[in-house]
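What follows is one chain in structure tokens, specifically the form predicted alone.
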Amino acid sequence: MCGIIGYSGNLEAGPVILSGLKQLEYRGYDSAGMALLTESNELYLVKKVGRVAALEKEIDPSILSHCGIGHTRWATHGGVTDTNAHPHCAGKVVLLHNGIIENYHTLQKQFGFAQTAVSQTDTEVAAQLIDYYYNRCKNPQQAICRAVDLLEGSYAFCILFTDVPGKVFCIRSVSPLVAASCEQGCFVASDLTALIAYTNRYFVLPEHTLLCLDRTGMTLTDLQGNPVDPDYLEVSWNIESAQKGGYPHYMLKEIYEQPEAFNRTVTPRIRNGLPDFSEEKIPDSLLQSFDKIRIVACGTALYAGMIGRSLLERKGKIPVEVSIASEFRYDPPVIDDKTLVLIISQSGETIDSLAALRLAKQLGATVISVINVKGSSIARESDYVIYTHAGPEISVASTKAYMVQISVLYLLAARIFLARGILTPEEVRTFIGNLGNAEKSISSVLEQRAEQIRHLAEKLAHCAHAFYIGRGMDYAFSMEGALKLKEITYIHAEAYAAGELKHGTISLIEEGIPVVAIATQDSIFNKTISNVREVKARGAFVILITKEGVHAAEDFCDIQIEIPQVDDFFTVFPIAVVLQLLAYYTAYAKGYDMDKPRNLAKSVTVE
């Protein structure tokens, strides 16, 4: 869950590394570090607790170098200290790492590394192990290969050898690395945001291959030294897409990018008014053949999956189960070759989701992944991939990725309904028409409700707790809303099915506590309002979200937020925006950096 970058080329390495770290900081911001091999082949190393800006103040701008590596950390092993920051040195080896070495303690005992260790990290053990073999074979490639053969866990390494000038060595297992070369030099990084300023052509480093960067180019081999031809990809967005564009925070920018992201994802997949996945080569025969669906995801993607389940089960009568990816392997899943597994991940590198994918395939299931990043590990290992086209999402709290994930699930559900004869073509066209209109409802909330929500958020900023309630699909929306508030405002927030309040939860309601009540499902509206009255009678400060035209009496509502009148199945799109803005403006009122919430990072690549 860290960000790493390596460079060798014609440019000054220090500014290249520093710029890359700034782009990668959303992957971790406990500490940062940089190692450069100077023109006189001396090692220049600087590490600092805090964000990349703190590291920048420590860097000597007079250092001349054309080769270096950099790291921004999300701490796993060892506390947040300058010593535990990366890169780590052992003898002639300088190494930085994204991932977790699970057997580091065993290796430390086996090789006696504890006597010379200066940090508390698993990463230093990897550096010590490579140096151990380098002292014996004097060959960087052989030393790396012999060392990684003993490592258990996940890793993406960038490695310098202080007596091998101008070269950066890279290898990975599970944890992501992408590489590129252009006139300015050769680059490797955790993801494309660090490279896009130089080129839009890149490749994903294959697992268990060894990449070497130098000023003249790149070489890629397998662990036996045989050349490997990488599969190059091209990214469609540019560096401006990864900048704030005048917004105070990436999160707000990405909230406002949702209509465009929705359109990019949905429009190309509609032909003659019907959903079309011919470009993804997903056959109707597959959509006709399964007995059940298993959706697997983490965090916000999991809540997108719950929306998908509600649609598939309620409208299609298709049995669907949603699983937390981190629990999938440990609660043995009942799946087989008649199960369609949907893996949802923004990055395509979420390690728990990747492990779940591999188990699902072992058990015979067909896997379709919903991913935002081309060439990612999950995308490469899935049977079919549906890309979401959200563009880069930099803020840790997911917004537009969630929106387009739901959009894809709606498109896929519609195609399933059509392929299985659950809906007629005309009924599907009506459904797709409603989906197409969702872009307008998203824009409507952004244009008409943002200021109201901003003023409301100033009241929430002083609260320690909040509750979100709803029934049916409204309950599914509530879970994502509560997560957003928790992760960027640090307010304790919980989502509850409104009908469950009387079974214990209502004891938590006290005078002035905020309750966000979502009541947009026409068939159960009155039942939800009954639950809203219950919390209001006990002193709750009720924020009621309804469709336009619903009169909310003062006896059960303090503030009403209206969304456009849309079909019940499509209220998720405007509601998502309301809940995102509510969390954003609350964090803003509290003075927090919602792009980089404490203890969190964007892509979870460690278990």
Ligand code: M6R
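Since the model is a prediction, treat every value here as computed from it, not as a measurement. Heads up: residue numbers just count along the shown sequence, starting at 1.
If you look for the form predicted together with the ligand, you will not find it shown, but the lines that follow are about it.
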(request) Choose one stretch from 122-130, 510-518, 189-197, 476-484: the one whose residues place a heavy atom within 4.5 angstroms of the ligand in the model of the complex. (result) 476-484
(message) Let me test this: is every residue among Ile469, Thr546 and Pro574 within 4.5 Å of the ligand in the model of the complex, going by heavy atom positions?
(response) no
(message) Please tell me whether any heavy atom belonging to Gly299 falls inside 4.5 Å of a heavy atom of the ligand, as the geometry stands in the model of the complex.
(response) yes
(request) May I ask you to check whether Thr528 falls inside a 4.5 Å heavy atom distance of the ligand in the model of the complex? (result) no
(message) I'd like to check something about Val93: if you look in the model of the complex, is any of its heavy atoms closer than or equal to 4.5 Å to a heavy atom of the ligand?
(response) no
(message) Residue-level contact is defined here as any heavy atom of the residue lying within 4.5 Å of the ligand in the model of the complex; does Ser382 satisfy this criterion?
(response) no
(message) If the cut-off is 4.5 angstroms on heavy atoms, which of these, Ala85, Ala413, Met403, Ala397, is the one near the ligand in the model of the complex?
(response) Ala397
(request) Name the residue from Ser407, Ser377, Gln346, Thr72 that puts a heavy atom within 4.5 Å of the ligand in the model of the complex. (result) Gln346
